[in-house]
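Heads up, the chain below is alone and in the form predicted alone; it's given as structure tokens.
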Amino acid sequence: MTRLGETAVLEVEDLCVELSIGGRWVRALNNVSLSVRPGEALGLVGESGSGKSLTALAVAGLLPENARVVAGSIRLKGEAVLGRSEAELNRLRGRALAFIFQNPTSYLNPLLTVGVQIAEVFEVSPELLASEDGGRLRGGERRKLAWRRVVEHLRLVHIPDPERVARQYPFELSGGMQQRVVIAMALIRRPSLVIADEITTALDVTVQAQILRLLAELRASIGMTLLLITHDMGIVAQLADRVAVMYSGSVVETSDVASLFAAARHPYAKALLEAVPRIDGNETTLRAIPGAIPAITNPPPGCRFHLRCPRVFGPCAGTVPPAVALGEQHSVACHLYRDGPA
């Protein structure tokens, strides 16, 4: 599905972001680099507080007021994101990017029907509607075509009886159905990149499986390119082609999914995989990672994982490890590999 050799849809290079906390600026993202190619699904994984969502917000130009980019670059479809005005960002986001958040209830207006909310996209972007002969549509014709497109997109995300659902209010729908509505809304402009931020977290296990199956089908049917933000390695195994593992604001390992699950190299990536329960194992207790992610207001020197790492040695406590290439699609930032593959 991934088309090698094509220009990346998303390129993030050496991104550094600071947050204003307690009257001072502290580093939250440290030289984050990643890329997503056309048709690919990249999983961005790590514990809560690792910087996954902050990275996604920076990509979308949606950082909170207490955040600032201090170094690095972000390019969407070859166009720079940083340094643009809000109006320019809105145009770029509408053309190249869609963001699906984890709680659809917070992003759907309870006072408007689902269909009216989706149709608003066509009011903002009337160029999405055109008559079959390319001529201009009058008011009534435009509204009819917009409604037809609304129903088509609800059908695209496998919502049963889309005509009826389009006339319902969000509170009349289940959480899974609301999430499908938000996905349908995100896909109207056929964005070059879809960012899905923990979109199954608020759903029960059965509905999670349905949403993941839907995303897999959409990738196959419309060639959707996906940046998947999650803490769940099982979701990564099911949906992603490649994975970037984050810890305390840095990417510590990047790999294709098969290689990571077969032989993760960074001790933190290994610990994440060992913490996942297996149905084919005989262990009765989960393997927890000792300690906790350090506070960004007081990070340890050197490798930020060294206080929790079972393989810590000399340079770990004093020097930040650089990323080392282990293969064409595999890199790891760990002193164990500073001289190349171990």
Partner chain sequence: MGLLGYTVRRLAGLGLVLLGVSILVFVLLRGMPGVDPLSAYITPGLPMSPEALKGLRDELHLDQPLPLQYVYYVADLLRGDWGYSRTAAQLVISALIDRLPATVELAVSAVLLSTAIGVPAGIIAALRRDRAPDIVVRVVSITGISFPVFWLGILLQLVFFYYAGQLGLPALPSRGRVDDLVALQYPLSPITGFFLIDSLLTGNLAFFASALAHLVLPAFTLSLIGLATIVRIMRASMLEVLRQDYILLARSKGLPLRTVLLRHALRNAITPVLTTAGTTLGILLGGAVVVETVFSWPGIGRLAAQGILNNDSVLVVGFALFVATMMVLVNLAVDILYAVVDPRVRY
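Positions refer to the first chain, counted from 1. Quick caveat: nothing in here was measured; it's all calculated off a predicted structure.
Separately, the form predicted in complex with the partner chain exists; it is not shown, and the next lines address it.
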One stretch from 266-274, 203-211, 231-239, 169-177 that, in the model of the complex, holds residues within 4.5 Å of the partner chain by heavy atom: 169-177
Contact assignment for the partner chain in the model of the complex, among 215, 243, 81, 185, heavy atom within 4.5 Å: 185
Contacting member of 141, 163, 120, 152, with respect to the partner chain in the model of the complex [4.5 Å, heavy atom]: 120
Candidate spot 57, 94 and 107, all three touching the partner chain in the model of the complex (heavy atom, 4.5 Å): yes
4.5 angstroms heavy atom contact with the partner chain in the model of the complex for residue 112: yes
Non-hydrogen atom contact residue 62 with the partner chain in the model of the complex at 4.5 angstroms: yes
Contact label in the model of the complex: residue 90 to the partner chain, heavy atom within 4.5 Å: yes
4.5 Å heavy atom contact, residue 101 to the partner chain in the model of the complex: yes
